[in-house]
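Just the one chain here, laid out as structure tokens, in the form predicted alone.
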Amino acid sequence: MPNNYSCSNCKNSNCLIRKHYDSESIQSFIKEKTAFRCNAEQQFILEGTPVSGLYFIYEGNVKVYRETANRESQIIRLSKDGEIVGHRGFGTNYKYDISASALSDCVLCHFPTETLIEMLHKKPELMFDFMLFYADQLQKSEANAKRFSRMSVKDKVINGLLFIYHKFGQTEGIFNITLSRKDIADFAGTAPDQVARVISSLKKEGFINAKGRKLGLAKPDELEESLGEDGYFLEG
């Protein structure tokens, strides 16, 4: 493992492993992690394959998705530095129920399942943080599913754009992440042509900035208000 990808050099304060890195009880387990580069669009988890462990994003952006009953892609999460990927299958399933691909060039840290389980037993504080993480994910998933079913296509697209804005930020009015219209559609739970129509309408209304294929929000606060009480940001 390259030295510059070690946990000691990690700047992700939100990473659960990094948070407990100084504990002597888990030092031997941390040595068993592998770190590797993943090119943009490269897939590193394939739905239906055996669970090998958890991935932690050292740097870069990732999309987590699954195949629907209609064999279409549904993005269920967009993740960035310090976040966990593959946790839905950890400890409960033998196979991943999601796929994951890099949205940008990434560095990923992988901990084998057996290593993590032993680490959690050795470090109760780490196990407690994982428990809180899973509880938070479950709460968001349940709340979002209920609200999402009541949203119009336009609100779903607006919600997706606001999520991207809040999570990844923007520079000079353009998102700090580049997503295709299909990615936005897969994330918003609608079709690319519907996304194109909503984006076109929002551009005319002055809510969206565009620079080539790149997008950003001109009036995020007003867009957020337009969602009303059902407004939320997809997560979980």
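Quick note: we count residues from 1 along the sequence shown, nothing fancier. Since the model is a prediction, treat every value here as computed from it, not as a measurement.
Only in words, not in the display: the form predicted together with the DNA, which the text now covers.
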Checked Asn209, Gln194, Ser52, Thr34 for heavy atoms within 4.5 Å of the DNA in the model of the complex; positive is Gln194
Check each of Gln43, Asn176, Ser200, Ser28 and return the one that places a heavy atom within 4.5 angstroms of the DNA in the model of the complex. Ser200
Counting only non-hydrogen atoms, the one stretch of 56-64, 176-184, 43-51, 163-171 within 4.5 angstroms of the DNA in the model of the complex is 176-184
Would you check whether the DNA, in the model of the complex, lies within 4.5 angstroms of a non-hydrogen atom from each of Val153, Thr190 and Arg213? yes
